[in-house]
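This document starts with one chain, in the form predicted alone, laid out as structure tokens.
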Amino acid sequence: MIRAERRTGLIFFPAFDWAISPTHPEREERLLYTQDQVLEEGLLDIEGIREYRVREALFKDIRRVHFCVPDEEAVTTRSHLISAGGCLVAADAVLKGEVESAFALVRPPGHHSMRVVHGNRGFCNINIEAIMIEYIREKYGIRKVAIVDTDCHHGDGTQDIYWHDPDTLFISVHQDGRTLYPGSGFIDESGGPNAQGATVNIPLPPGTGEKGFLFVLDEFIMPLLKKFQPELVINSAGQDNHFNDPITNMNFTARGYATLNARLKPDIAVLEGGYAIENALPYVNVGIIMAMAGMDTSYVKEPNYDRDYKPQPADITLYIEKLVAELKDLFLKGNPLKTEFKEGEIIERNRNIFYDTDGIDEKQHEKLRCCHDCAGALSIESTSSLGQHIHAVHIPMFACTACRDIALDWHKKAFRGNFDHLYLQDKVRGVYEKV
């Protein structure tokens, strides 16, 4: 009998009743072909691989992360709640010790969803990884978490949520933003004043294959994880770097994805993008499942691999080697991008955010208290082209007294008459208020 070396949990949710449109790349067939392939390969019959049933996340789970405008019900469907809930099931399975790793094969995805949510951007309404991480922190007391986002698109929503958090190392490996949505994810985007160096972006050139991805993993990501020493590693497992993917320009294979996962050894993987529904996703997902279970993946191959796959060109290999050398200098040997701020200094920034799926424009004004002891008090004024104008205050889970006091003062002084809604997210007390 074949047996998994690592006990692995699987959570499937194809979301039959949700799609942006019947022919949109992000639709239910993304996971139906995978389910068929998993059954065909007999993976669920292998001792040590266990399938779990999904459950719905609650609005309180979303409120640990987001400020939803006007509220959670307006920006989600039941499918979004079950997608996020599937991630919570994966978290419970791992943190309770029932399995050693878990893969949440769920949709809709989430890594383009930012802290403030007015609608859908990049096919994402709520950030399912962040909802899972904050659930884990509150329920299990985990503090230091690393997220390795291997989706072809920069995980700008996850970056936004953890931009000021020194306890979350966010690493995004993606196609260069000069060539692909959302047009961000450059090396100098390295975290806010209280978390400089905790955001790490690795923009790879179009045409990068598994040789490049695995070089980046071995030479830079793994040493960076060792330096950070997380209690938990999450793989935001987008699969649209595949050479068959119709909306990207990369050159990764199913076997390459499996090898990456086997070397990374994430505690939890969560499906993000990947839109080659028939000729990539089933094989990539099977490869990842087998890798997480500690099984041999050397025979994982797409039907058109021998005909269509082309090895990574030499000029791309050279480019990536130079990029990794630069990243090592920045994040492993020091941090020359770091700027010194005074304790208690208030830093402000203005941002323009576009929701490409729903056609919404958002303007934000953000204030942050610089702090040497915590992630800092944060306030956000947000106005959308839908007409909503809100004021939101975030108090981080491990906030010091000074940051908590100033955050509460900001919330108290915000005049209700100037805004449609006032929000307070006090993670010290586990309180969420909206008026």
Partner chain sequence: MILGLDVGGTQTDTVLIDKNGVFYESKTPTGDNLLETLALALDKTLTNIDPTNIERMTFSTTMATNAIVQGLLADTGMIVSAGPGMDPALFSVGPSYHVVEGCLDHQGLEAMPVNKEAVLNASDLIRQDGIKLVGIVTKFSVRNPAHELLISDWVKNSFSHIALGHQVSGALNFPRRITTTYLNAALYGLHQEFTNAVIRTIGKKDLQAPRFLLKPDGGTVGLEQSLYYPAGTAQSGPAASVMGALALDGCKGNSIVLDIGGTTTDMSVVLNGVPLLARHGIMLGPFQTLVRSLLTRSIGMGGDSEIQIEKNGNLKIGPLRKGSPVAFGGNIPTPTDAMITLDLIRIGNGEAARDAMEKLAVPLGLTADKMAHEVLKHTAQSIAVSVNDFIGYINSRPLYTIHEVVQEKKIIPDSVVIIGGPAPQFADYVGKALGLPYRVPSHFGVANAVGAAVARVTSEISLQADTQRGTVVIPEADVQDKIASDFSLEDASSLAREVIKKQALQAGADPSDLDITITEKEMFNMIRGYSRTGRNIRLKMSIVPGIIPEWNRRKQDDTR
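Model, not experiment: these values are computed from the prediction. Positions refer to the first chain, counted from 1.
Below: the form predicted together with its partner chain, not depicted.
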note = Contact with its partner chain in the predicted complex, heavy atom within 4.5 Å, among Ala195, Leu88, Met295, Leu204 goes to Met295
message = Within 4.5 Å, heavy atoms only, which of Arg78, Lys139, Arg349, Lys227 is in contact with its partner chain in the predicted complex?
response = Arg78
inquiry  = When the contact criterion is heavy atoms within 4.5 Å, does Leu424 count as touching its partner chain in the predicted complex?
reply    = no
task = Examine Arg27 and determine whether its closest non-hydrogen atom to its partner chain in the predicted complex is within 4.5 angstroms.
result = yes
ask   = Is there any non-hydrogen atom of Phe16 lying within 4.5 Å of its partner chain in the predicted complex?
value = yes
message = I'd like to check something about Glu278: if you look in the predicted complex, is any of its heavy atoms closer than or equal to 4.5 Å to a heavy atom of its partner chain?
response = yes
inquiry  = Let me test this: is every residue among Gly183, Val324 and Thr339 within 4.5 Å of its partner chain in the predicted complex, going by heavy atom positions?
reply    = no
query = Thinking of its partner chain in the predicted complex, which stretch from 372-380, 44-52, 393-401, 60-68 has heavy atoms inside 4.5 Å of it?
reply = 44-52
request  = Using the arrangement in the predicted complex, list in sequence order the residues of 373-397 with any heavy atom within 4.5 angstroms of its partner chain.
outcome  = none
